[in-house]
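A lone chain, given as structure tokens: the form predicted on its own.
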Amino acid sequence: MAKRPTTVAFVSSEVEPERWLPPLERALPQMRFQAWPDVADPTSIDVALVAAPPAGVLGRFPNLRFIQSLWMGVDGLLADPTLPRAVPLARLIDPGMVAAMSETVLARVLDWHRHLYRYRVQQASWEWKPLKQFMAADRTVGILGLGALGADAAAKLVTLGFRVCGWSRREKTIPGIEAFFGHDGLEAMLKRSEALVCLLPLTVQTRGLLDARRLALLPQGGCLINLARGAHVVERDLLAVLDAGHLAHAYLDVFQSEPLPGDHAFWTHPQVSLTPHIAALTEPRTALAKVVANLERFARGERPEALVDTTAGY
């Protein structure tokens, strides 16, 4: 009897299947693809290809054997109590997303470093006032999270001449980066991070990590750049350190509640620059090959890449 073809369900509440299914079908003609909710037989689904799937949907596939996320962050998936915990879950390490995130990090760091956020305020009030120039070597940028995103951003900051330090849960060695790890390392790293970039995965341990006490450890006049998850930052504590003048600016791409409520103080705060969770988006042109390769590994009975440790949360 011929082997039944692998059947893949595309399940997303935010990404259009039209962007993904045609090129996937061309690349993997031996597989069958269906887009939720138009799945004729849930028992036939072997693989779920997901981006913000509606809660409970994945639990409807009784023979599901692999879940491939189209995003790097999987905290939303892990928060679904109906997620089949025994099914291997892989996150997507998309080279295009890594490049885009580094571009966003560089843009925010340079905006702070070159006082561009202050010159925008001056322009609005017709004020002509040159500010003190600093060299990149005068500044220390701290990176929270030294995974694929953090390591790439750190390397590019080093190339520009910045002093760079980084923190991770486990000890890491990265050329040109002063690396810290663990509880004690976190506080030591924060104390020298004039610009702090958060690229951490959201876990039980990192939720609310940047509270009043830790934000106060950052050097006077520094900035916070949060491009990871809103829940890493205690928002009222951040507002307090901004209002007190301890931090000069905050660049926020992610928030506790998204879309950001219209009455939130961040919208009008003079020391906050915000963007609508666009720091780095999955790019099918660069991600497709990674997805195809992992689906082929699954079909051959091999271990997919970038499998998630559900205990660690990433």
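This one's a predicted model, so the numbers in the text were calculated from it and none came from an experiment. Residue numbers here begin at 1 and follow the sequence given.
Absent from the display: the form predicted together with a small molecule. The rest refers to it.
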{"property": "Output flag, Leu149, Leu199 and Val254 jointly within 4.5 Å of the small molecule in the model of the complex, heavy atom basis", "result": "yes"}
{"property": "Region of this chain that lies against the small molecule in the model of the complex, out of 276-284, 24-32, 60-68, 42-50 [heavy atom, 4.5 Å]", "result": "276-284"}
{"property": "In the model of the complex, Leu157 touching the small molecule (heavy atom, 4.5 Å)", "result": "no"}
{"property": "Arg85, heavy atom within 4.5 angstroms of the small molecule in the model of the complex", "result": "no"}
{"property": "Non-hydrogen atom contact Gln220 with the small molecule in the model of the complex at 4.5 angstroms", "result": "no"}
{"property": "Asp75: touches the small molecule in the model of the complex, heavy atom cutoff 4.5 angstroms", "result": "yes"}
{"property": "Partner-contacting position among Met97, Val234, Met189, Ala90 - heavy atom within 4.5 Å of the small molecule in the model of the complex", "result": "Met97"}
{"property": "Residue among Gln205, Gln133, Gln123, Thr173 with a heavy atom within 4.5 Å of the small molecule in the model of the complex", "result": "Gln205"}
